[in-house]
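Considered here are two forms of the same protein chain, supplied as structure tokens in two stand-alone entries, structure 1 and structure 2.
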Structure 1
């Protein structure tokens, strides 16, 4: 049985939406609530994906006593692993669980690392340093072949190998939506609590919060660690959704700029706004790709560049005419 095209379209939309929602919520926590301009968002996202590309295949290799090289015989190995997982789904979930914990720990460490400049620098200097942090992960990923296969990338074993092939795609979208729902619930709970109010107070007037006896250094560290964890989870889920990791893909455009666009359009420091912004942009990008095929051959250039014009253009228009986003922050809620 083949799925209807519109179901595939919708399932993919839901999956990409869920992944971006998770990442955007973490960015909103740092930037919207705590006021830390994390222009190196791609760092934690990429790290999560890299863990997904490295760890499971190694664990399965040991578990199943495989002798192949995880990078050089990557394709063969993932195929064999997927065959085994179809029979032993519980192993898949076990490894997935381990991978998630490791990825989140790595994300947390990277958050701790980013807090070093975040505590010491202000404003645009901080933004530039964090941007530099973010760029480094791609350079390392491309050049260190033993991490995630360098320029060729690696494949990631399919957790849902036991599900009949025609439902696998749908199942994964549902799984991702579940993760996104959990993160949304947890983050909303957190930002609605007194801690959330403290974060916003710190963003608006750091000295005042310090004067009240709160250690803003510690608060910033904690926020960056939590956000790093969430972002790593997002990166990991993306890698397992597309069943592979290619270091080239973890660039500034997709995992830093786009999340910023989404939360700025939706509304800073407003989780519902983030939800709306994410839906709008994921839908627009999917539709652009969908309808682009019709334009092929009519214009003398590659159509993907229109995507750049559109993204950059929309962001500029929003900044100029709707600076608070579609759903502005509510005071004192």
Structure 2
């Protein structure tokens, strides 16, 4: 039985919303709460996806006695793995858990790496350096074919191979929403604690925090490490959802600039605002794609630019009339 088109649309909307919410919460932790303009957000996101593109194939190869002689064997090997996972789903969840742990550890290490310029630089200089850091992951992925297939990419094993094909799409959306809910709960608890107030104080007046005996260098390092872990989880989940990794897809626009726009529109240092900004932007993009054929010919330009114009227009209106976002940061009590 095939699912109704509107169910597929909503399932895809929920999935993409969940992934972006996870990434946006990590960015809000860095920029909204701690004041660190991490324009290299794509670095941790791409790293999580790349771990998903590399590690499971190797682990399944050991479990099932398969050998991938080159990256070009990826498609055939993934098909064989999916057939095995349909019979042994517990192995899929085991490998998935291991991959998540490794990806988050890699994200944490990249956060630590990113913290070194954050310690020494401020403002525009820091943003430019972190932006350059973000470009590294895409360039390495494209040029090192043995990692994730270079320009062609690699396919990722299907975690839900045991689920009937017509329901797999829906089930994965539910799974992603569950991950997003857990991350939202954890980040809300974290930022609602005294640590969250400390981050706001550091963002507003770093010198005053240092005068009170707090080591702001260590605070920034820890924030970037935690945010890197969360962003890597988001990248891994996206790669799992689309069942593949192509290095070209991890660019500044989709995984750095759009998250910044979403949190600016929703409201910095407000997790509920991030949720609202994310759902607005993801829904607009999905609606434009869904009604693509119907809108073609009704507008005097290529339909591919419509969502960017709408999103940019909304951002300008919000910044003009509600510069602190739709749901501004609540004052400390």
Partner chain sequence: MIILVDAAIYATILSILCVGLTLTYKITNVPNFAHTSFAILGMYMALIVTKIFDANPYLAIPMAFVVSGATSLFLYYFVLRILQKRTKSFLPLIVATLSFDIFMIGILNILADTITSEFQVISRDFTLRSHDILIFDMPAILILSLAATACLVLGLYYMLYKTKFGIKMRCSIENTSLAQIYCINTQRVFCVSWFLSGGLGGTAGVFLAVWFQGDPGLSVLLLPSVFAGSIVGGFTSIYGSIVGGLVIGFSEILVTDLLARNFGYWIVSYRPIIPFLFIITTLLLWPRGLSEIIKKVQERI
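Keep in mind that what you see is a predicted model, and the values were worked out from it rather than measured. Note that the rigid core is defined as the largest set of C-alphas that superpose within 1.5 Å between two forms. Residue numbers count along the first chain shown, from 1.
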### Message
Quick check on the two chains I just loaded: which one is the form predicted in complex with its partner chain, 1 or 2?
### Response
1
### Query
Taking the rigid core as reference, does residue 284 move its C-alpha 2 Å or further between structures 1 and 2?
no
### Query
Core-aligned, is the CA shift for residue 303 between structures 1 and 2 2 angstroms or more?
yes
### Message
Once the core is aligned, does residue 318 move its Cα by at least 2 Å between structures 1 and 2?
### Response
yes
